[in-house]
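Only one chain is given next, in structure tokens, and it is the form predicted alone.
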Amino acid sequence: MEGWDPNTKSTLTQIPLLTTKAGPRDGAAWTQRLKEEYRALIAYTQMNKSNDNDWFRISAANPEGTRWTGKCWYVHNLLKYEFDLQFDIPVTYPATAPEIELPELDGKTQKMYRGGKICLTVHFKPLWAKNCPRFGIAHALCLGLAPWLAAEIPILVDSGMIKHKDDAASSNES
């Protein structure tokens, strides 16, 4: 955590660490891991709301907890840009971090892989590996998706690659 800004450190220390080292193939241990994941996500969401920093909604899309979907948003120049968010839990989880996808941004930035998977290789994956199995979905959102949005969305907006929904609606009416 050296070199991190105090706000990131503070946020990260408030997200509960996970203890169960289990993936989707591990039966009852995976159920226990999912409970820990939900606890961490709830704590992170509550912390964000109390700090007026609410920026995502996410939930398991299947009963097994291997597919997750939701929305994330970023405010730039006082305009809210909202995106669909999805990812699958890899079978090698938690040793392998989930690949977070923002499908509607696919092909709009070089910091993204096919299918809208955001690039987290250089900075996030080594951090994830070092903290396995203590990191979970909430940590991936905090240390992976949040900084990616903060770095990429302003560039995409300023370059015209993405438009605010109100701008897009008014240009369609013209």
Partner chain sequence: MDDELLELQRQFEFAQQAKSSIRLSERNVVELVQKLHELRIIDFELLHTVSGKEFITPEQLRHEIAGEVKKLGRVSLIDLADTTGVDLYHVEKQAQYVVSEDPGLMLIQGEIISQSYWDSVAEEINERLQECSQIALAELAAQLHVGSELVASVLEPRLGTMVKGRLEGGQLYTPAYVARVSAMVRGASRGITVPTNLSVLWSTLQQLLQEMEGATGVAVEGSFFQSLFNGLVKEGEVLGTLRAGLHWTPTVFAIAQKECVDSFFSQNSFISYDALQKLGISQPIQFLQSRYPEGIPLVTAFVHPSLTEMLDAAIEDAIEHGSWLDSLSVLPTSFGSQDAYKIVSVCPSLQSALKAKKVLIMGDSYIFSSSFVKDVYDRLEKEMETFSHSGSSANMLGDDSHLVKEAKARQDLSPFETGSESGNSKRGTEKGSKKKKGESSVTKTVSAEGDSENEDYIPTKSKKNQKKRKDTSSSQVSDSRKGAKKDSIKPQEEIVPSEEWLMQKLMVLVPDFEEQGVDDPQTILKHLADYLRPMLINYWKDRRKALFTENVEKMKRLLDNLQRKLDESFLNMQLYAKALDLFEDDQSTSVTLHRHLLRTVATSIADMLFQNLDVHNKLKNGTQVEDSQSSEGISLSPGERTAMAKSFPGSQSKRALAVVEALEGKRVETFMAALRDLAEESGLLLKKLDKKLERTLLHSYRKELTSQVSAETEPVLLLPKVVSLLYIKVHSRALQAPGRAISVAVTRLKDKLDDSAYKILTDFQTATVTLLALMSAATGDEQDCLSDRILSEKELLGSQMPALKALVLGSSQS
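Positions refer to the first chain, counted from 1. Only a predicted model underlies this, so the values are computations on that prediction, with no experimental measurement involved.
What follows is about the form predicted together with its partner chain, which we do not show.
In the predicted bound form, residue 29 stays away from its partner chain, with no heavy atom inside 4.5 Å.
Its partner chain in the predicted bound form comes within 4.5 Å of a heavy atom belonging to residue 51. At the 4.5 Å threshold, heavy atoms of residue 38 reach its partner chain in the predicted bound form. Though the partner is left out of this view, residue 131 does not reach within 4.5 Å of its partner chain in the predicted bound form, counting heavy atoms only. Stretch-level contact analysis of 118-126, 101-109, 144-152, 60-68 against its partner chain in the predicted bound form, using heavy atoms and a 4.5 Å limit, identifies 60-68. Proximity of 34, 42 and 45 to its partner chain in the predicted bound form is complete: all three residues have a non-hydrogen atom within 4.5 angstroms.
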